[in-house]
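Before any questions on how it binds or moves, here is one chain, the form predicted alone, in structure tokens.
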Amino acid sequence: MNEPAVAVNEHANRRSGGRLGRKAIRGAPVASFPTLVRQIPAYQMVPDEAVELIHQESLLILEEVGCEFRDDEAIALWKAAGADVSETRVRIDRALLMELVSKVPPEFTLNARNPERTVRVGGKNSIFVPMYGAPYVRDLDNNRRYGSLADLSNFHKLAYMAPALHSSSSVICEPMEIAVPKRHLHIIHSALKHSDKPFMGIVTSKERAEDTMAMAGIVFGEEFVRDNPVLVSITNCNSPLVWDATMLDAMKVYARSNQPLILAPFALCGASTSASAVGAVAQVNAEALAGVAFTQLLRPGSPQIYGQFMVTVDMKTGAPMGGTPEAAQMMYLMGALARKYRLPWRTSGFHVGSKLNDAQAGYEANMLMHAAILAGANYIWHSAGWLEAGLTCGYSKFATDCEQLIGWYKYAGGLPFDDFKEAMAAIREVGPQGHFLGTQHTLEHFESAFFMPTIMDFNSYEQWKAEGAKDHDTRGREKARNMLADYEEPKLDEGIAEGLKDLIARREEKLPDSVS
């Protein structure tokens, strides 16, 4: 069922445009782009010897220092596997560690409720995923306020309509008006109702993870979701070197159902790691490998995603910084390590510290996305909407990021040579001092030859001024508003829709209105 999507994508990358790309760039309704199959080489910033040095130091960290696993069942599993356990501290022999890590498949299929949106993760395959977890939104009137369920539904709609986004994420923004114990039900319902792309799970408690799986079972079938990946969930190691009970509970629910987890230490480099980019990578690699290994104690062979979230800390204020050169350099190192282990890996694309969709946001985003693409990342998260170190999701930022993703999709697809002979023939047709605007080659390729954004403005100053002298942020808000006006819901089967509503009603009767 899934291989044709990969074949279509390879053709689309060779064309580096074509009908799908032309319609997307013009803004016409289109199906989602297939999985991005990168046709450019991965860039390795350091020699193999440096990668091996970091790898060896990470192994020593886990053998000599160890990692905390603050959960009784996790400790019992590590003991049974032969690890050196002292209370909650687990020291893992390198042979045991690498044996477990080697069980993770290098690629997997992530199924969508619409099979045409199913994607591949790992190897040369990359997908773009919008942001996650913002309590605030910067709305269509450019006001910063708490997020709501209406905002979350809007972002799921925008993710569905954005051709270069391959997932709807889940908690793009928090629906703050809904009680925390019940919030996850409405988050997952919105993701499933307003989009037919893959989505992300909830990890804030075992029960919420189980509810997520129950809702996925209604949509995909209970038997199907026991073995087939339909969602990805994030688990963060608390750097330095702690996997806590909440994250381990979520791992147990999802890994045992063969649902991939992102095993990603949350590292503020200089605060929760040493003030060294290479030192931070050695620590974060150890933390991530420990998490990956644990999932294989739960279900050997389950698909997983090696990950990291590493930002530097402003040593003057303690604030996290987004698009810095060190953050990009650390991506390259993590990519080299992921290839060494043959693991699918996650990084972040457009996670910026800027408060507005301004020049700083653009500079930061470009620094990070360029590194993510060249480092060969497979699951490029936070690729739309992110502002203010993740505290805010912006409507304008979401729309402008999605347009940029079309460009990055084309960039990573490589340079096509399929029309090279025709291009050379056009030179002979035109000769010296002519122009190419009327040649057959130009008429056949003008829509697909080059990236043609609609939000970015390349017109003359006079035309720009006549059209209202709108800045990029304003045009992004207009684009988001227009997309929402054009949205058409990808309807769920009536029985499935009713099943979801029934589950939500039953669970809400049992759940409290506040956290005790």
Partner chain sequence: MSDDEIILSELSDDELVQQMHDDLYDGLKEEIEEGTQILLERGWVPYKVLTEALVEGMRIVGEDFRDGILFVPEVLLSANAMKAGMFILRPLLAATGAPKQGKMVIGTVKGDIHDIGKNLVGMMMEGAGFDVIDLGINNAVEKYLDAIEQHQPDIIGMSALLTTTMPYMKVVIDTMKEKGIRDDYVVLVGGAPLNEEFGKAVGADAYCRDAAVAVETAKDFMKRKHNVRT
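Numbering follows the first chain given and starts at 1. In this text the structure is predicted, and so the values were computed from the model without any measurement.
The form predicted together with its partner chain exists for this protein as well; it is not shown, and the discussion that follows is about that form.
Novice: Would 321, 364 and 472 all count as contacting its partner chain in the predicted complex, using a 4.5 Å heavy atom cut-off?
Specialist: None of them does, since no heavy atom lies within 4.5 Å of the partner.
Novice: Have a look at 180, 81, 85, 149 for me and say which one sits with a heavy atom within 4.5 Å of its partner chain in the predicted complex.
Specialist: For this set of options, the contacting one is 180.
Novice: Which one, 244, 207, 139, 326, lies within 4.5 Å of its partner chain in the predicted complex by heavy atoms?
Specialist: Flagged contact: 244.
Novice: I'd like to know whether residue 301 contacts its partner chain in the predicted complex, with contact meaning heavy atoms within 4.5 angstroms.
Specialist: Residue 301: no contact with its partner chain in the predicted complex.
Novice: Whether residue 438 contacts its partner chain in the predicted complex should be assessed with a 4.5 Å heavy atom distance threshold; does it?
Specialist: Judged by the heavy-atom cut-off of 4.5 Å, residue 438 is well away from its partner chain in the predicted complex.
Novice: Find out whether any non-hydrogen atom of residue 297 is located within 4.5 angstroms of its partner chain in the predicted complex, and reply yes or no.
Specialist: The answer is no: residue 297 has no heavy atom within 4.5 Å of its partner chain.
Novice: Determine whether any heavy atom of residue 423 comes within 4.5 Å of a heavy atom of its partner chain in the predicted complex, and answer yes or no.
Specialist: Taking the distances in the predicted complex, the answer for residue 423 is no, it never comes within 4.5 Å of its partner chain.
Novice: Based on heavy atom distances of at most 4.5 Å to its partner chain in the predicted complex, which listed stretch, 334-342, 192-200, 266-274, 110-118, is the contact stretch?
Specialist: Correct option: 266-274.
Novice: Does any residue in 376-401 get within 4.5 Å of its partner chain in the predicted complex, counting heavy atoms only, and if so which ones?
Specialist: If the 4.5 Å heavy-atom criterion is applied to its partner chain in the predicted complex, 376-401 yields only 391.
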